[in-house]
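In structure tokens, one chain follows: the form predicted on its own.
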């Protein structure tokens, strides 16, 4: 039973900004453009968009619907919606694991968010000036080897997130995304405009939009599906919670389409901001931290007004990280508050304290604990440190499990008429198509992805 009347988003726009902020993270800024080039260029873009439409939008609708049906946090929602079913204890457990998953993600995500804040500071203070690429690699390596520095910046990112969450929906989440999201878009567009005048746009268009269908295979499909799931915050309880704050007069299908479109748009635009800079300077393409923390600082240092654009770029990364950490932090806090266990402020402190311990262990696993591999008894996980494990198990495995169970829950367990009324589509072909996708297609697809995750994906076997 709910003890607290939940706040609501003030408008559909406020929800959209928050949901887009959740979806737009570090993966959109540097990972998506890179995997486009690695997986067939324009062919991969078409495939990714198809995955977003066929799987992504229906699953966003599913999680928003579960959240808004009872307008309570995930554990209570799963419990109430399965009332009278023999499987109710199982679904209550599903609600619980859906809240644990984002906490596991935050265990490593706060560390990476700290890196972005550290680099903003380093560029402002001139610590990255007059360095060659080999030297920036050393700077990054030195950061990884400095437990005190890592924990300081990780703590700062956590404190910012906890402070925003503690202020509630309108004064906290809404106000933060109303400031951060326009700034994020402004910085991204500014970088694109700079790139347009600086050259490299033609190469970027060819790189991202020239279809190479020979590179499309089942592995590419899995890559596109995995990227779509992570990018749209599926299976992380975010959309469940954000849906519970969504007023009843706002259309769930329209909001789901808006989130999916904006998230994909930002990912594509990020490519036009980053890759012209890389091509113009004749630098090697690399994925992940190598490109962002080792290659780009050298380029920013060498180009006109480079310090300004360097600060803007790492602020962009920091804003993208913080809007994501806010959404991942909210499910646990909302659950504690709704049950009357703590006030929102105390819940933010308690969750924050637990996450500080977990994120500190992640930071230490990059240096003093780097040789500690907790799961040596498992062949797949035996060489992974704490940070690796959190990313592998939470951001890959559990997100897939949660998304699969949410689809089964809404498709097979929740009353059909209640879902029909909530979506507002009427008993139309569109509703029937969505329901078929959720009941049949999504479980089969995610089931295969989980087999691949566990090492039994026969279609990707060498």
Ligand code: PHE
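Positions refer to the first chain, counted from 1. No experiment lies behind these values; they were computed from the predicted model shown.
What comes next is about the form predicted together with phenylalanine (PHE), which is not displayed.
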Can you tell me whether residue 399 touches phenylalanine (PHE)? I mean in the predicted bound form, with a 4.5 angstroms heavy atom cut-off. yes
Residue-level contact is defined here as any heavy atom of the residue lying within 4.5 Å of phenylalanine (PHE) in the predicted bound form; does residue 26 satisfy this criterion? yes
Would you classify residue 324 as touching phenylalanine (PHE) in the predicted bound form, given a 4.5 Å non-hydrogen atom cut-off? yes
My question is simply whether residue 136 lines the interface with phenylalanine (PHE) in the predicted bound form - judged by any non-hydrogen atom within 4.5 Å. no
Which of 115, 207, 272, 230 has a heavy atom within 4.5 Å of phenylalanine (PHE) in the predicted bound form? 230
Which pick from 157, 334, 348, 238 sits with a heavy atom within 4.5 Å of phenylalanine (PHE) in the predicted bound form? 238
220, 449 and 453 each touching phenylalanine (PHE) in the predicted bound form (heavy atom, 4.5 Å): no
Among 122-130, 324-332, 379-387, 194-202, which stretch sits within 4.5 Å of phenylalanine (PHE) in the predicted bound form, heavy atoms only? 324-332
Residues within stretch 109-127 having a non-hydrogen atom within 4.5 Å of phenylalanine (PHE) in the predicted bound form: 109
